[in-house]
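Shown next as C-alpha cells: one chain only, the form predicted on its own.
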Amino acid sequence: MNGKNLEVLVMAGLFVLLLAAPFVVYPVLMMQMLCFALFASAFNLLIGYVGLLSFGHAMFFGGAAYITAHTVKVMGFPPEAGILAGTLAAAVLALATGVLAIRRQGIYFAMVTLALAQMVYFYCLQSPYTGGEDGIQGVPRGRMFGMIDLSNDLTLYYVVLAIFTFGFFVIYRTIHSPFGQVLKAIRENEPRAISLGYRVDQYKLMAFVLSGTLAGLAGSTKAIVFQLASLTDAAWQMSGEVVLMTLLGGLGTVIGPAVGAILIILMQEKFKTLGDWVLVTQGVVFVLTVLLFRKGIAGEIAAYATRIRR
C-alpha cells in the first residue's frame, strides 16, 4: 500500500469516527473542534504548502463570524445565506489583503498581515454594527434551507461535519492538484519556480485568497454554532493560536493541523478550571512538541509509518 492510499484510508477511518463521535462526546464540543480544525487546515494551506507565515488569519475567521452574525440576526438571513455571506466577505478581504501583502516575504509579510488584522480588530471594536466589547449575541440558528432545524445540537453537528468535510476536501484536492505542486515548488525554491516561467505572485495570491476564504467559512460556521461573534474571534491571539495548532499537529501535513486543533480544544476544555494557567500548559506542550516531535505529532507518525513500509 503506497503512502497516498494509506492517507486516504486513515482519513476515511477518521470520518467514520466523526460520524459516531456526537453519541460519545458532547456535540457542541465536537462542533468547536471541527470549526477550529477547518481553520487550522486552511491556515496550513498557506504556511505549510506555500511557506507564507500569516499573523493575521484571525481577521478572516473573526470578520466572517461578524458578517454572518449580523446578516442572520439583524438582516434576517437564513443560516446558509449568512454563512455564504460571511465566507464571501472573507474572500474579498483576503483578496484585498493579499494584493497588499503578497509581494513581501518572511517577517515583512507576517508584519503586514498582522497590521491589517489589527485594523480589522479595531474596526470590530469601534463599529456600531458589531456590539463593541459585547459582540453580537443571541444569533438565531434558524432552519437551513427552510427544512433542517438547527436548534437541535445533533442535527447541527452533522451540518457542521458536512461543512468541514467540504472544506477539507477542497484543501486536499488543492494540495494534490497541479496547482498544489506549483505551490510546493514555490515553497522549496521560489527563484527556480520563477525561472521556469511561473507567475509566482499570482499563485501565492490565489493560495492566500483560498486560505482566507476557508478560514472565513470556519468562522461563519462557528458564529452559528455558538450564536455569537466576539472580539476574541478577531484578536491577534487567535492568529497565534492557529499557528500553535498547526505546528503541534504537523506543519505541511494533510491531517496534522486538524489533529493539533482538536488537541488544543480538548486541552482548553479539560484544564479550563485552571484559568490563565491553561496558557502555561499550552506553552509547555508546545515546547515539548518542538523538542521531541520536530515534524509535529501527525508528521512524526507519518514519518514513522514511511520507515516501517520501507
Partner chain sequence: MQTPEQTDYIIETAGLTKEFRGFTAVNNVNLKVRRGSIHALIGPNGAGKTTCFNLITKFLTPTRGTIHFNGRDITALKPADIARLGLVRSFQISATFPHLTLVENVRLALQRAAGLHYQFWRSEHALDKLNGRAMELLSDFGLADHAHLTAVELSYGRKRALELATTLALEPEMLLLDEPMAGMGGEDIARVAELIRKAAKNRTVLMVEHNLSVVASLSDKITVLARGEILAEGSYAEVSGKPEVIEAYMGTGASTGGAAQEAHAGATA
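What you are looking at is a predicted structure, and each value in this text was computed from that prediction instead of being measured. Numbering follows the first chain given and starts at 1.
Although not depicted, the form predicted together with its partner chain is the subject of the following passage.
The closest heavy atom approach of residue 191 to its partner chain in the model of the complex falls within 4.5 Å. Heavy atoms of residue 184 reach within 4.5 Å of its partner chain in the model of the complex, making it an interface residue.
Residue 232 falls outside the set of residues with a heavy atom inside 4.5 Å of its partner chain in the model of the complex. Mapping the unseen interface onto this chain, residue 128 falls outside it, with no heavy atom inside 4.5 Å of its partner chain in the model of the complex. Contact with its partner chain in the model of the complex, defined as a heavy atom within 4.5 Å, holds for exactly one of 77, 123, 226, 198, namely 198. For the options 174, 155, 165, 105, the residue carrying a heavy atom within 4.5 angstroms of its partner chain in the model of the complex is 174.
Of the candidate stretches 146 to 154, 236 to 244, 128 to 136, 204 to 212, only 204 to 212 contains residues with a heavy atom within 4.5 Å of its partner chain in the model of the complex.
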